[in-house]
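Below sits a lone chain in structure tokens, taken as the form predicted alone.
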Amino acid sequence: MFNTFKRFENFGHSLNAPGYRILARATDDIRAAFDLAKKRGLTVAARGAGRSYNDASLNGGGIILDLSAMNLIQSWNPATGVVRAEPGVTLEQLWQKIEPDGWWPPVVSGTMKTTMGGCLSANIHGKNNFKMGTFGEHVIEFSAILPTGAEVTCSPKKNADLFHAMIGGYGMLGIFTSVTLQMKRLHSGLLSVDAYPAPNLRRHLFALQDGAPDHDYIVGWMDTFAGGSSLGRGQIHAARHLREGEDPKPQETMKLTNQILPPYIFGVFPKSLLHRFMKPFANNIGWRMVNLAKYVASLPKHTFRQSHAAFHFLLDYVPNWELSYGRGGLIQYQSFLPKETAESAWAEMLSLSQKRGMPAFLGVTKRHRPDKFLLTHAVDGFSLALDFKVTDATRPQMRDMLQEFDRIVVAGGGRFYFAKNSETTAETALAFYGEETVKKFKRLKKRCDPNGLLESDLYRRIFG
């Protein structure tokens, strides 16, 4: 039944592990994979598009259950905005199906290449978390197969404990087979975007907090090389949906031809080659120049209109951009801090990275609110995602620095998001989840997966 034995990588190409790939095309294939794992003494980890920056879809020596072929949109109702889809359906498939009918997914990631199963397993957040919450908050119900072979349907009221634990549970309780979601109504294919600079970390966080109530989305870019009084400076992009009647040609702006990101620059140069030209800049000097130029360009405050795809999916502007970081790949570190402690914690982390000569090449900030999911990463505060280049020479020092970051975050009452962080330990996970939460998750794990078939490198790392 094994399709192949191969070495799998994370999205950042900084981690890899060998595994037996099984391609699932239907629910019976999932059951068969569980049966085979039990007979052979192996474990199973689900994988969709493989877009996680860490080890969430790696399973060294075990089975990788590839769900990418379970990619049917099973039903779509343009009158109500309710969609049902298999776990391998990508956000790209989803928005291109619904957007011409005047709808948009309520929460999306920074790339359209993620799958529905992956979005649900990680309980992704977007640039509107402060207003719309996480992906899971818009799920009407889902179906899943447990390692016992049982099929369950969960909603906020039916099997509510499993609903709130499997969403954000990184595929360790069961495998999603279908997801039913409520979409968001649109009145235009465009957003109105306000772009303005933030001269330092304090002003940066104030801008996120003060700008959020007046907009539907807000996100910040941070110049992680700036120090002194300019530490944490950057640019804010705050966007709102156009109201009915604001767009004189809504049917035109909602056409897919006006949403799809162009594959060429100036209609000539293929974007697929751009990452090769970015490689010479993938060092501290090069990225310092890039960050400085970006901040200077952000100084005039301005307002413009932008398509939904262009605003949301910045990570898809340059195909294979992650390859520009070189052979060692990149590590993305994301922390979530309460609004009371974010400034001091991030000031310490940014200063530490600069002092150690390993500044992040990119920093992205967002405004957040809490949610009710068991393994939640959300707080009433902010998040900061940092991209670090890693090499064989710097990997040990990078690990030490990021684990020092962990101590700063935990001391500030913060949390982590395990579609990103790859160096966080089980001790740190226990510290921020809390002993009672971890015990509750493990009780559900024992109930749903009594033979311990579902495991990944991530699960072993953060739950021992």
Partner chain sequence: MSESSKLTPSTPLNPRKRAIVIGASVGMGAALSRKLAKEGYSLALVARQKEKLDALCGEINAGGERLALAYPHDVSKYSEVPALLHKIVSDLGGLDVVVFLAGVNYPPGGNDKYNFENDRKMVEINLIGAMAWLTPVAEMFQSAKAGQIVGIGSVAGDRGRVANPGYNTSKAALHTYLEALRNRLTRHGVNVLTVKPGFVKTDMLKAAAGPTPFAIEPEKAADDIYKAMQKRRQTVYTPFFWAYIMQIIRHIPSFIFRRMSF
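These numbers were taken from a predicted model, which means no experiment stands behind them. Numbering follows the first chain given and starts at 1.
Quick note: we don't show the form predicted together with its partner chain, though the next part is all about it.
Given a 4.5 Å cut-off on heavy atoms, tell me which of 36-44, 64-72, 22-30, 408-416 is the interface stretch with its partner chain in the predicted bound form. Only one stretch passes the 4.5 Å heavy-atom test: 36-44.
Candidate from V390, L186, L208, L191 lying within 4.5 Å of its partner chain in the predicted bound form - any heavy atom: Spelling it out, the residue with a heavy atom inside the cut-off is V390.
Heavy atom to heavy atom, is L444 within 4.5 Å of its partner chain in the predicted bound form? Outside the cut-off, so no.
Whether P18 contacts its partner chain in the predicted bound form should be assessed with a 4.5 Å heavy atom distance threshold; does it? Yes.
Contact flag, E404 vs its partner chain in the predicted bound form, heavy atom cut 4.5 Å: Close contact is absent here: in the predicted bound form, E404 is far from its partner chain, nothing within 4.5 Å, heavy atoms only.
Within a 4.5 Å heavy atom cut-off, is K439 in contact with its partner chain in the predicted bound form? Result no; K439 lies far from its partner chain in the predicted bound form.
Identify whether its partner chain in the predicted bound form is within 4.5 Å of every residue in the set L91, R240 and W321, based on non-hydrogen atoms. No, because L91, R240 and W321 lack any heavy atom that approaches its partner chain to within 4.5 Å in the predicted bound form.
Quick one: which residues from 360-398 get a non-hydrogen atom within 4.5 Å of its partner chain in the predicted bound form? In sequence order, V390, R395, M398 come within 4.5 Å of the partner.
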